[in-house]
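Single chain ahead, by itself, as structure tokens, in the form predicted on its own.
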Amino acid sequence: MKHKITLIPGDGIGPELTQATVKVIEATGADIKWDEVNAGAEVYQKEGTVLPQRVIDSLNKNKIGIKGPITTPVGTGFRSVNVAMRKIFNLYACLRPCKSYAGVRSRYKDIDLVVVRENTEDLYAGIEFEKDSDEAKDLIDFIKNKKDAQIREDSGISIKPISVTGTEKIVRFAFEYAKKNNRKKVTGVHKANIMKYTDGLFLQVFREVASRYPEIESEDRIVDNMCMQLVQKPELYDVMVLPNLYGDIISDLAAGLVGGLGVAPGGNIGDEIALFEPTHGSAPKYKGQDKANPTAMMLSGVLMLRHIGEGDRADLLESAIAANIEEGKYVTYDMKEDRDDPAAVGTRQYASAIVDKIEGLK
């Protein structure tokens, strides 16, 4: 079956990772026609927009996309393209599996966790008021009058909305994912002991949805305790579902358990459209050096293949990636025991090695 898929190379190291990922996906025999469009900082320099309409049109048409990392300025400049696309396409579920692969340097072994992060609400909703703005001053006065609470006049303010609707969707997604993938437990993560009306609502809805899935064990954890638990005894956890900000933090922590963001794939999934991407950033200082590790983006390709019903090819690609990492011969510098090891290969050769593994496994 032919699949038409939107391909967004991104910027920084994105195009190199994208090229390598396309190569290994095609090697599995998946019948894909790529619709290449781009977004991000480099597009902004040429066109004055980070997210051209053609990108939106392509995803609306194809329903499935995969993208390389895109640069987001810190503190100033345009907002994250990733966040914008999640909002435009209502990609409410961020799926971030964190799995151990033999040969990846880590303090832990046999980790197999899945982070399900709500994508559209919480502090990432983008409802912010700049310090000294009229809106911020009005809000400070409103809170003082209505809640008898003091906010310093020199404050910037962010609003944290969490809804029944948004929470039901993400929790249901987590339980359905667990059911489909033979997972045994879902843990809801929150800070309901302090934020009674936002995280408290998240916890209440989590428990209500969990009651509809009696075949799957459910529990909840306070987010700070969850961080400690994951470091101490990660083997006790399986699927975790979290509001947006906690999900962002915990997914990086979980990635650290399996060796870092270089092996951390991701998918942003809605009811109609899904967009897959590595968790890490665009590392512009390594652009064009044929040096970057493409594993996370390739594993995002594995997630994409599973999502479009190409499970056998997804398994083939994941097995080839795992075999190449375990062998340790044709891996990038960051996956070597000594990062200065002259035997380290570049992005292109890494991809070629995985193609060879695919051919050997067929």
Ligand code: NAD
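One-based numbering along the sequence shown. Here the structure is a predicted model, which means the values were calculated and not measured.
Although not depicted, the form predicted together with nicotinamide-adenine-dinucleotide (NAD) is the subject of the following passage.
Contact here is defined as any heavy atom lying within 4.5 Å of nicotinamide-adenine-dinucleotide (NAD) in the predicted complex, and by that definition not a single one of Ala93, Lys169 and Arg212 is a contact residue.
Annotated contact segment (heavy atom within 4.5 Å of nicotinamide-adenine-dinucleotide (NAD) in the predicted complex): 284 to 292, selected among 284 to 292, 202 to 210, 249 to 257, 222 to 230.
The partner is absent here, but in the predicted complex a heavy atom of Ile70, alone among Leu317, Ile70, Leu59, Ile66, sits within 4.5 Å of nicotinamide-adenine-dinucleotide (NAD). Checking Ser218, Asn82, Thr198, Ser100 against nicotinamide-adenine-dinucleotide (NAD) in the predicted complex, a heavy atom within 4.5 Å turns up for just one residue: Asn82.
Mapping the unseen interface onto this chain, Glu277 counts among the residues with a heavy atom inside 4.5 Å of nicotinamide-adenine-dinucleotide (NAD) in the predicted complex.
Although the partner is absent here, Ile13 is a contact residue: one of its heavy atoms lies within 4.5 angstroms of nicotinamide-adenine-dinucleotide (NAD) in the predicted complex.
nicotinamide-adenine-dinucleotide (NAD) in the predicted complex comes within 4.5 Å of no heavy atom belonging to Trp34.
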